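We begin with a single chain expressed as structure tokens, specifically the form predicted alone.
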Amino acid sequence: MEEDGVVRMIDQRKLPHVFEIFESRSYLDTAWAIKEMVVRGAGAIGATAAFAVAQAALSINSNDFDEFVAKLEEAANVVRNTRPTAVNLFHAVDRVLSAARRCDNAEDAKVRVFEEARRIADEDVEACRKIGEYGSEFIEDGDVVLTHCNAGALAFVDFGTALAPIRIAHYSGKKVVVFVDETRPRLQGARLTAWELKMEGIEHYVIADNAAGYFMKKGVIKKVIVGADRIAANGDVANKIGTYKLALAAKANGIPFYVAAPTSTFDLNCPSGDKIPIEERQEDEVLYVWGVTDEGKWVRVRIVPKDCKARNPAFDVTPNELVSAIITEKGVFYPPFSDSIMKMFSKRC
């Protein structure tokens, strides 16, 4: 977002077939873009939500500061109600609102909220670079790493979380091969992660979600690295649907299962994964798939019998006992996670 008040983002719905910038000119448009997954991924959602609140602030015409704050809070609630699971959204909205409340007039507040939104995005970039540095130590030359969904630059502002260790390992000269879960129903792995890895020149193979266990049992996959949308105080991890199944398979086959996420993804107010709200999206995402024909035509096709119904939870929760380590910009956390997480946040305070 620049001073013109326009938020610009890659339209992730159209990748990998079309690279197009979506321009949002109001906070309502930006909230819609979050809800409809023009932008997705915990960090990208958080930064976009912060800029949405900044857009709202710029649009409020009131010299009465109390009225200004009240209207800004109304707009912030619209943004909060877009998607429930990724906690970065809520942290970002609260930070921008706090920046506004610390002012004593509307004009100063408009400047401060924009600065705070920019700061949130910049912090994510630096955090992800550090995650990459810490996480790359777990990757050995010649490793085959499995990842799920998309936790790359598209999901976390310029660098990514789960892909950050892979990127750093690749840049340092290590040979890394990535197995990319397709990640039904929206295929973020097949469409987005594969696109990012192709741009980086990192060897990769897209696999059906159901093939991951096979490759683990065969000894092909050496590590699993995933991102997170919310991490509870006890280390339970909410991530894209299907992550829990991967963690179970990794445990059964003695394969390390790592979670890469910045500290902004932790929710200390959430004692365990049982308290994490899980978004359930519309059933059409399961009943239909979008694609591009050889002639370049976008088509949507139904893949189940007519009149069938579907359930579509967007996330699941992986219990902390299945997680080998959590890689953050502050370092690596090991079990017991409740202790290590609390120690880390107490140091920040």
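Quick caveat, the model's predicted, so the values are computed rather than measured. Residue numbers here begin at 1 and follow the sequence given.
What follows is about the form predicted together with a small molecule, which we do not show.
- The closest non-hydrogen atom of Phe68 lies beyond 4.5 Å of the small molecule in the predicted bound form.
- Among heavy atoms of Arg83, some come within 4.5 Å of the small molecule in the predicted bound form.
- In the predicted bound form, at least one heavy atom of Met37 sits within 4.5 Å of the small molecule.
- Mapping the unseen interface onto this chain, Asp181 falls outside it, with no heavy atom inside 4.5 Å of the small molecule in the predicted bound form.
- Look at 270-278, 222-230, 250-258, 195-203: in the predicted bound form, residues with non-hydrogen atoms within 4.5 angstroms of the small molecule sit in 222-230.
- Listed residues Ile131, Ala92, Ala155, Val79 were compared with the small molecule in the predicted bound form; Ala155 is the one with a heavy atom within 4.5 Å.
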